[in-house]
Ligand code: SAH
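A single chain, nothing else alongside it, follows as structure tokens in the form predicted on its own.
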């Protein structure tokens, strides 16, 4: 077996980085075993793609640490028939993971170059249940709302109101909330029209820029 065999590295990532830290949802773990993370890295480096750290993908953005992607995904608690909104397409890796777990994925990216690159990679991998558009993710994507799950892959000063409004009854929103240098990963639930928030853990994400986020 090659030192950098992709399948072996994905399995090792799951067994060494995810399971010991409390990622227990078998559907989530299976998605991480399947999706070729290295294809979403600009240099497609097997040596780096499955490491326990985030990586740059261009335009000042990153592909998050595998554990953080898994943790946020697990808190969405997807069962296979949901419609999910992702704010911040980035590399497209999180969208691919979501596409393995949900029926439909809608993703909004601020940078055209990242959106186009992600579309190309996801198309090559055969994903047909992901739609990507360029725009202000803090405003959500009203055309396909409401969403059973919303995931935000950048740090916001507060929970954007449009995302709360576009969350379906019983839906879950996972978002980093806090300052520009560190945030608290937060779970927002909508039940009977009311919102409940739960703090998950500390985290560090790039800033969420937009009308309802940080200004440029």
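Just so it is clear, the model here is predicted, and its values are computed rather than measured. Numbering follows the first chain given and starts at 1.
Beyond the structure shown, there is the form predicted together with S-adenosyl-L-homocysteine (SAH), which is absent from this document and is the topic of what follows.
Student: Of 142 to 150, 75 to 83, 122 to 130, 107 to 115, which is the one stretch near S-adenosyl-L-homocysteine (SAH) in the predicted complex, taking non-hydrogen atoms within 4.5 angstroms as near?
Tutor: In short, 107 to 115.
Student: All three of 87, 90 and 136 touching S-adenosyl-L-homocysteine (SAH) in the predicted complex at 4.5 Å, heavy atom to heavy atom?
Tutor: Affirmative, all three are within 4.5 Å.
Student: Which of 61, 183, 166, 65 has a heavy atom within 4.5 Å of S-adenosyl-L-homocysteine (SAH) in the predicted complex?
Tutor: Checking each option against S-adenosyl-L-homocysteine (SAH) in the predicted complex, the one that comes within 4.5 Å is 61.
Student: Among 173, 154, 70, 49, which has at least one heavy atom within 4.5 Å of S-adenosyl-L-homocysteine (SAH) in the predicted complex?
Tutor: So the residue touching S-adenosyl-L-homocysteine (SAH) in the predicted complex, by this definition, is 154.
Student: Quick one: is residue 206 in contact with S-adenosyl-L-homocysteine (SAH) in the predicted complex, heavy atoms, 4.5 Å cut-off?
Tutor: Judged by the heavy-atom cut-off of 4.5 Å, residue 206 is in contact with S-adenosyl-L-homocysteine (SAH) in the predicted complex.
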